[in-house]
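Only one chain is shown below, in C-alpha cells, and it's the form predicted on its own.
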C-alpha cells in the first residue's frame, strides 16, 4: 500500500467559507451556502440558486490585499487566493515553491470564459482587444501563478470536467511516487459564468430550489464556484502540518454518453475497484464515502445503485454539493477536503436537504452531522463523457 504522501496544507474559498477553518465550521454545523446570487450577472439569477462566493472581484482583491494586474479574471483571483493559502498553511517558503522538485498541477473547465461578455466583444471587435484577450483559456489562471511565483518544476492543467481536480491529485501523487517531484501543489478552480449557466440550463438539469442529492424528488443541481489547492509531500519528520494521507485512486471512462452515466454503473465500478486494488484494501475497509451526488435523476440513481451493489452494506455517505453546489473542476478537490476534515476531526457530515430515499433502491445518505471515527474514506468525482475517479484517503 502506498501511504507515504500526506496533505500538509489546504487553501480553499467557497460559498461556505474563505479558508479551511470557516469551511470546517460550516460543514460541522450544516450551513448551506446556496442562495440567490448577488454578484453574478445572468438572466437566470432569479430562476435558480447558486453557491456564490459573496464578494465582487474588487472586494476580493481588497479583502486579501492582492496586488494584481487588471487582466485577472474571477477565476484567476480565486485561484490566487487558494494557492497562497495552501502553501502558507503547509509552511512552505517561496524557495520551496520555486524548487524544480515542486510540481504544480491545476484544473479548470471555465477558466477565463467567466468573462464571457468581454470574450464576445473581443470576438467581434475589429480594433484593439480588451485586457482579457490572453485570459480566456482554461489554463490562464495557472500560467499567471507559474509566472507570479516563478515556479520551475513540472506544471500541467487538467480538464476532465467534474473529475478534473481529482485527476490532478492523482497525477501529482504519481509524479511524487515515481520521483519526478518531492512535493506538489494541486487542485482546481472554477467561477460562476454565463457560459456554464446557459449550458447547464440547456441540459435542463438546474434545480430551481436546493440540490436534493439522493432524494426521491431530486430535480437537478445548483452551480457553485470555488478554488481548492492541496499541498502534497512525502511524509517525513519535517512535515509541519498534517491533514491525512492520499492512499490511492482509480480512474475509468465508461464512454457511454456526453452527460450521463451508464445505467450499469460500469465507469463507477471500475474506478472504485481500481482504487481499492491499488491500495490493497477491500470494500469492508472503507468507512464512509463523499459521493459525487449532483442531485440529478441519472447520477444519483446510478451512483446509489452501484454503491449498494459493491459495498453490500449500508455505508454512510454524503454529497458536499449540498453545501456549495456543483463547483465543476474544483468539486473533486472540495469533496476530498471534506473527507480529510472528517477523518482528522473524527466526525461525518450530513447530506443536506434530504427527505425521502430513492424508492427503487432505499439506500439513504447520512443525515446528521455527528462524531464518527473512521480510518479510510473514499471520495468520488464523475465528469462529463463518463470520466469517473475515486480516491481513497486515510486518517
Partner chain sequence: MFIEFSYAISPQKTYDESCFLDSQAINYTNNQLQVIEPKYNEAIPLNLLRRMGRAVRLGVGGAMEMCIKNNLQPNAIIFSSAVGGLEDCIKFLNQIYVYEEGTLTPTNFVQSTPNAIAGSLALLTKNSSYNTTHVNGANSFLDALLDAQLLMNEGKTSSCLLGCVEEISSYNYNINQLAGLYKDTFISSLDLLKTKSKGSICGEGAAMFYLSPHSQNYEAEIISFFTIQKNSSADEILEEIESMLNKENLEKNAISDLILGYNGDQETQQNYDSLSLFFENSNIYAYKHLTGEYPTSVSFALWMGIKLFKNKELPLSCIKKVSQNIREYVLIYNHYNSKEHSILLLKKGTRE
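Residue numbers count along the first chain shown, from 1. What you see is a predicted model; the values in this text were computed from it and never measured.
Only in words, not in the display: the form predicted in complex with the partner chain, which the text now covers.
Highlighted residues 25, 275 and 372: none comes within 4.5 Å of the partner chain in the model of the complex, counting any heavy atom. The contact residue chosen from 248, 306, 296, 160 relative to the partner chain in the model of the complex is 160, the criterion being a non-hydrogen atom within 4.5 angstroms. The partner is absent here; in the model of the complex, the one residue of 43, 36, 346, 63 having a heavy atom within 4.5 Å of the partner chain is 43.
Picking from 110 to 118, 85 to 93, 228 to 236, 312 to 320 the stretch near the partner chain in the model of the complex, with a 4.5 Å limit on heavy atoms, gives 110 to 118. Using a 4.5 angstroms threshold between heavy atoms, residue 301 stays clear of the partner chain in the model of the complex. In the model of the complex, none of the heavy atoms of residue 217 sits within 4.5 Å of a heavy atom of the partner chain. At least one heavy atom of residue 200 is located within 4.5 Å of the partner chain in the model of the complex. Under a 4.5 angstroms non-hydrogen atom cutoff, the partner chain in the model of the complex has residue 387 among its neighbouring residues. Along 174 to 192, a non-hydrogen atom within 4.5 Å of the partner chain in the model of the complex is carried by 174, 175, 178, 180, in order along the sequence.
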